[in-house]
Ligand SMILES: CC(C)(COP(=O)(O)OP(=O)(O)OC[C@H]1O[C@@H](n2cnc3c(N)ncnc32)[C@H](O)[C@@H]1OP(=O)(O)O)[C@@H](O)C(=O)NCCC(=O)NCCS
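Only one chain is shown below, in structure tokens, and it's the form predicted alone.
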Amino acid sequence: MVKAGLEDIVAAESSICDVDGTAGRLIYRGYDIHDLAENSTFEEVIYLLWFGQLPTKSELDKLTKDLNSNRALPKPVIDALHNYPKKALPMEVLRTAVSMLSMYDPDGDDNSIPASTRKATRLMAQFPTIVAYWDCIRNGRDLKAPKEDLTIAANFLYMLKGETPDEVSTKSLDIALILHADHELNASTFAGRVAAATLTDMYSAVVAAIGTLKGPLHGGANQEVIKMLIEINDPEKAKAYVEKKLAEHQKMMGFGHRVYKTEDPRAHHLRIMSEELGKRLKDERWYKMSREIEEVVFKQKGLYANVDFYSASVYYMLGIPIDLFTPIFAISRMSGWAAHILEQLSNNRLIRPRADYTGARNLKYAAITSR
């Protein structure tokens, strides 16, 4: 039986991630996302996703050193960033820069698992640099060399804003990166695995994933959420705004999910972070508007907030430009993409599904003069 969008179709076996839509659970390599969000770091989660287990201190130290020492971009890539049109979308820039990076990788055409893991390490390290540098370049700010003594989250905020971030901001972004790291066979991950299955290189597979994440039905929902919150701008107006949209049968971005039939477990942590950041900034309207919207949508439509809904206000209160929300999603998801690409390569078979043909048959060719 054909299912539109391959809904509920099992396309692969994987030991990386499990999404239990009925129970509302998200599992990375056997660990519940709540446990990881409350106790681990993003660097630990990267190791877990890539190597199948939480690292020892020496293993984490090695991965952290490898990541931190590979943050710098080749000069030709930086020069290219300066020459891109300033109106270019950050996701376009990320896609193009990643493709260019493949030409400067010392492992070249070596697609072995060890070489592909080294490529993944370089990409994981360089994604934040690309995104931060592009925002600086398009706004005429000086580029800050990455710091090797900062975490991925802290270093990204440092390069983006030019100053070392406080502990609360760093922790908030670190948790957000953990929550977005992987989500089974979502559209971009599946695209990356399809590309990898042809035995193309890590960079090509990641570019396929970036291009897929760029689509508004996948990676851009949180941008639409914050635009809605900015338009409302007042918690007292939120209920009437949402009721009007629902009465007009307009889609509410940030609600519902293809798999989850209950609350998205990632939304729980982002909701808490949104409230805490609002209190810290003494501006709780973004959180209060979000809560009001969430209650109205659930009462009228029975839909739960998903990961995009509260990540919007979290990123906004961290001072991150709206059009960088999806690239930050990509920074996080690079860890999951790499894990799936490596898993695909470890036991590869070309992914080549069939289509149920619904077109015409038995037509006869007619010369162009008689058509």
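Throughout, we count residues from 1 along the sequence that is shown. Please read these numbers as outputs of a predicted model, since none were measured by experiment.
Although it is not shown, the form predicted in complex with the ligand is what the next lines describe.
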* **Contact stretch among 339-347, 306-314, 22-30, 44-52 - heavy atom within 4.5 Å of the ligand in the model of the complex** => 306-314
* Taking heavy atoms and a 4.5 Å cut-off, does Lys279 contact the ligand in the model of the complex? -> no
* Can any non-hydrogen atom of Pro114 be found within 4.5 angstroms of the ligand in the model of the complex? -> no
* Report whether the minimum heavy atom distance between Tyr158 and the ligand in the model of the complex is within 4.5 Å. => no
* Asked: Quick one: does Arg71 come within 4.5 Å of the ligand in the model of the complex, counting heavy atoms only?
  -> no
* **Candidate from Arg118, His218, Arg141, Lys288 lying within 4.5 Å of the ligand in the model of the complex - any heavy atom** => His218
* Which listed residue (Phe255, Phe190, Tyr133, Tyr203) meets the criterion of a heavy atom within 4.5 Å of the ligand in the model of the complex? -> Phe255
